[in-house]
Structures are given as structure tokens and as C-alpha cells.
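Take a look at this single chain, the form predicted on its own, given in C-alpha cells.
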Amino acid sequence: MIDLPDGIGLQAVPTASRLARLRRSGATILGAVLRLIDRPMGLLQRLIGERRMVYVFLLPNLAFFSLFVFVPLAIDLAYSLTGGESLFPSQRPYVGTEQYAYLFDCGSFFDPASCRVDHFWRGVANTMRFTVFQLVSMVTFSLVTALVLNMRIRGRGFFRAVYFFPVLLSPVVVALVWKWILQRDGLLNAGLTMIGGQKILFFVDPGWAMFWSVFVSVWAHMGFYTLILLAGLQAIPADLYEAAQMDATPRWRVLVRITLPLLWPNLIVVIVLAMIRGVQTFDEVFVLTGGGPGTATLMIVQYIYETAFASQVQNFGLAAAASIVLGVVLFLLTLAQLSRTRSAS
């Protein structure tokens, strides 16, 4: 018999028995709950059949999705067909497609100054330009980064975490940090003056403002798309690379003939998601430049926000019509991209 110090044996036995009782009580309660649920679920399965039970489990998710997607979409469509300044639907007169006609009243769609709602079309032009530059940069840098991080380099795990870290930050925080770096007396201009250069007013020049808007967006979200491409690279069988190495195939040929074709499904996902992200961009650019200088970086989502909530005369109908147009265009672009993908494959 082993003598234990005073108090240890007296405390350990009650504690162990107490834990055992708690486990038995938990198992009893869980069993009772499961038996309680099993009866109505079994009855429901007999009524609708085993194959239809999948819809029962999907119903909560569909209801949640409908509540926060389809219902707001229906409300938005209803508001786009009404006029007035009141927020309450009962006080808004029905105007039909008048808001859409007002948006598309243009002498030339390539000249925003000829449109009645010129800020909307300036936002469309800026969003298209931003999306093209952002999409090309995002896909290119994400692909190059994924290829490098897929190699056997020192500190690979560390660099993977570093590249993904900006994705964890809030877009507002990212924009505020870069605004502090790029402002007139910011960190970048301080570095330029230290080496004898002149300060650059990045937020005053339209070209610089658009460049940094694209740069910050790519910097903040590149890690997410790199992760998607990296997963695709790691799914490619290593036997193919070993066979290419035995045949002394050049690296560029391996990239073109093996890596890119097998990575194409992941690239399509990146392209579609980056395009949607570019068209819907708002928070980073709004905090970084405020849409300026002038309307040089005014995006379509910012126009919708300002028309509905930030202007002195809040036009909810016009903002709703603009958002419906944006949604339709985005839906058509996504369908076109996916259809081209299927035809190419």
C-alpha cells in the first residue's frame, strides 16, 4: 500500500467519482434528447421518404439564405420602381422604370459628361478600369507567389503565413495603414525626402490615386487567391514532374504543358472571385481616397452608397436601380466567364 500525502487521496477519489457522475448524467440527457428527436424525424422520413430527407436538413440554411439575400433583393427591386424621398414603402409612389430611364439617359455611354447622372457613369468607368488592372495584377502576382511558395525553399511555412496575414486584417484597417503611409507627411514621403527626393502628393494626382487603390487591394487580398492556387499546385501528381525531369524537359515547358493546364480550374475560381471583388470594391478605396481627387477613384458602389445615404437629398429609388444594374451586369459577366471555361475545357 502506497501512502499518499495528507489530503491527496481524500480529494482525488471524490473528484474522479464526481466526473464519472457528470459523464453519466450528460450521456443520459443526450440520449433522452436524441430519442425525443428520433420519433418525429422517423415519422417525417416515413411520410416524405428517405431521399427527400436531405431537403429537411437544407431547409434551415435555405431559409437563412433567403432571409438575408432573396428578401433584400426583392425589397431593392421594389424600391427601384418607386420614387420620392421617403424611406417607408407605403409613402413612395410607383414610377415604373423611370429610375432606370434616368440612369441610362446619355448622349454617349463613353462620355459620362453627356449623361444626366454623370457620377454614375464615371463610377462605372472607374470600376471597369479598376477591375481590369486589379484582376490582371491579382492573378499574376498570386500565381507567381504560389509557384514560389510551392518550391522547397527555406522558411516556406513562414512566408506562407506572412503572405496570408493581410487577409486577416479588416479592409478599413488596411486602408487606414496605407493612408498613413501615403499621405503628404507619411512614411513613404519621409523616405523620399531622406534620400533627396521631392514629396509626391499621391492622393492629389488621379493616376497615383488609382494606382495605389489597385495596389492596396492586391496587397490586402492576394494571400487568399495565392492559397487557392497553392492548393491546386499541391494537388498535381508529383509523378508528372518526375517524368518531365527524367526527360530533361525545360522548366518553362513544364509550366506551360503541365502546371498551367492542370491548374486551370483553380485559376478560373481566382479569376471569377477577383472580378467580383473588383466590381464590388468599396471599403478600401473609400477610406483610402474617398473617391478623389474629384471623381478619379469614385466606384459604382460608392455612388450607390452616397446617393442613398450620404447626399443631402437621399434618393433611395435611384440607388436601388443602380444596384440592380450592377447586380445584373455582375451576374452576366460571371455566366460568360463560366461558359467560356466550360467551352475551353
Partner chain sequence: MKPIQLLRARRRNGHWHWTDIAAYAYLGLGVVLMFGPVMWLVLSSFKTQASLLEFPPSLLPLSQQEVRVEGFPQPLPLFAATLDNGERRELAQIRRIGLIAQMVDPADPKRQYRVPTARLAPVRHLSFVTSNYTEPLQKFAFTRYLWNSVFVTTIATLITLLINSMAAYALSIYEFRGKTIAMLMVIGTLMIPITIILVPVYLVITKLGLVNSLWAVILPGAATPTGVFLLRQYMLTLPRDLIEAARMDKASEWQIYWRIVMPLAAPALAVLAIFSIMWRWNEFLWPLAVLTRSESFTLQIGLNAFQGELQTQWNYLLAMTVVSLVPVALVFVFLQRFIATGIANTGMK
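Whichever C-alpha set is largest while still superposing within 1.5 Å between the two forms counts as the rigid core. What you see is a predicted model; the values in this text were computed from it and never measured. Positions refer to the first chain, counted from 1.
Note that the form predicted together with its partner chain isn't included here; everything after this is about it.
- Proximity to its partner chain in the model of the complex, taken as heavy atoms within 4.5 Å, picks out 220 to 228 from the listed stretches 220 to 228, 98 to 106, 128 to 136, 114 to 122.
- Under a 4.5 angstroms non-hydrogen atom cutoff, its partner chain in the model of the complex lacks residue 208 among its neighbouring residues.
- Mapping the unseen interface onto this chain, residue 37 counts among the residues with a heavy atom inside 4.5 Å of its partner chain in the model of the complex.
- Taking the partner from elsewhere, residue 67 is found to have a heavy atom lying within 4.5 Å of its partner chain in the model of the complex.
- Within 4.5 Å of any heavy atom of its partner chain in the model of the complex lies no heavy atom of residue 195.
- In sequence order, 141, 144, 145, 147, 148, 149, 151, 152 are the residues of 123 to 152 having a heavy atom within 4.5 Å of its partner chain in the model of the complex; the partner itself is omitted from this view.
- Superposed on the core, the two forms differ at residue 55: its CA moves 2 Å or more between this form and the one not shown.
- Once the rigid core is used as the reference frame, the Cα position of residue 305 differs between this form and the one not shown by less than 2 Å.
- Core-superposed comparison between this form and the one not shown: the CA of residue 314 stays below a 2 Å shift.
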